[in-house]
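The chain that follows stands alone, in the form predicted alone, written as structure tokens.
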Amino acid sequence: MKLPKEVMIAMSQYNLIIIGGGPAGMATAYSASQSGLNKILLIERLPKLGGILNQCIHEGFGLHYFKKELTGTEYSAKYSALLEGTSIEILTSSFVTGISDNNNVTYINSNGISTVSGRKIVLATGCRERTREMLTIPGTRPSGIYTAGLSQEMINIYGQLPGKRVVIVGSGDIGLIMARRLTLEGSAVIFLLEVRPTLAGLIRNKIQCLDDFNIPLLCNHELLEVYGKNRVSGIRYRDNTSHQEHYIDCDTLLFSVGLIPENDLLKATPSSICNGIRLIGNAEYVHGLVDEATKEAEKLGKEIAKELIL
């Protein structure tokens, strides 16, 4: 890949470049620094470090790592504080557009396009949610359809309520947590539809988020069609045990149907250097607990520091 003139001037060199400033990215950077490695660059596309944790105001984080139950935001803040006083260089609001030969990483931010080079590159870009389109659900395409994580961001960060009469498709943990959150904010969560015969998320989340609020979970039930012109007006669904079909009015649909590692940067990266890029956290595989991702990332940081220092 031939670089434009504006990015060929005074290219910065680093020992380690980490793409993604969520828990895994922060832990990799901190561990490598604590192991004696210098010239570390951490690039995050959002305005602050923490990734998905910044919108998780519920408890359930940190029991294994910090030995204390924390909210996601508290976990993020505690780990971000560890980076203070280190020599790690941090770039926020910076979006990586590609990785090219010689481990050159190109990113864009308010200063324009820049390219840096690293002896080692770690991809800690987390994961993304599956969408309605990935499930090929037929029907119209009105407003009022969200992933559970997007609705979490709308409420917890921007203070916007997604809707008033809500059906949640899928029983993943984010969906369970949002059932409670929406109820507390005044929305009516009609039920959760789960196509499988059993719960997808944690039992404790079902108890705390559904049972305690009398929200039904309908397993073996499948969404068949979405109705509505400008806004969702209702859905058709089926009980796969009795094979009976039903219709119900609603103005909002949330999908909590699984996560996918977000490692698309590798697809556009020359195969000659792909093997040298390390994946960590949810970019490698979806972890059940953030504590697990943190511990694995700290181990990787130590390994990289040992490789480069020796």
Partner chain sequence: MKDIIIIGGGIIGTAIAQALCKYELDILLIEKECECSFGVSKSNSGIIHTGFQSKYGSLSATLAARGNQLYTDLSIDLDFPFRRIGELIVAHIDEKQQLEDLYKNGSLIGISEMKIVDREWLAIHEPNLSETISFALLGSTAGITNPYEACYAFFENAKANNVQFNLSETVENISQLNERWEIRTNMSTYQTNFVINCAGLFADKVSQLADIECETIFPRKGEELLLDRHVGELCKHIIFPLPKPNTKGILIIPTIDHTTMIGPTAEVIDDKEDLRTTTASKDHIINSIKDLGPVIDPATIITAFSGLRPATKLGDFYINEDRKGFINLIGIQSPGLTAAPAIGEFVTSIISKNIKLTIKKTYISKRKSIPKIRDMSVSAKNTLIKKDSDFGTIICRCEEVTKGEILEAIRRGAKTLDGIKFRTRCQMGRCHGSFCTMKIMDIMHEELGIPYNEITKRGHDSYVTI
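Computed from a predicted model, the values in this text were never measured in an experiment. Residue numbers count along the first chain shown, from 1.
There is another form of this protein, the form predicted in complex with the partner chain, and it is not shown here; the text below is about that form.
Look at 257 to 265, 277 to 285, 241 to 249, 28 to 36: in the predicted complex, residues with non-hydrogen atoms within 4.5 angstroms of the partner chain sit in 257 to 265. Among 174, 189, 235, 127, the residue placing a heavy atom within 4.5 Å of the partner chain in the predicted complex is 127. A heavy atom within 4.5 Å of the partner chain in the predicted complex is found for exactly one of 108, 81, 203, 184: 108. Each of 154, 164 and 225 comes within 4.5 Å of the partner chain in the predicted complex, counting any heavy atom.
By the criterion of a heavy atom within 4.5 Å, residue 217 is excluded from the residues contacting the partner chain in the predicted complex. Residue 90 falls outside the set of residues with a heavy atom inside 4.5 Å of the partner chain in the predicted complex. Contact check for residue 112: a non-hydrogen atom falls within 4.5 Å of the partner chain in the predicted complex.
Interface membership of residue 75, defined by any non-hydrogen atom within 4.5 Å of the partner chain in the predicted complex, is ruled out.
Applying a 4.5 Å heavy atom cutoff to the partner chain in the predicted complex picks out no residue from 284 to 310.
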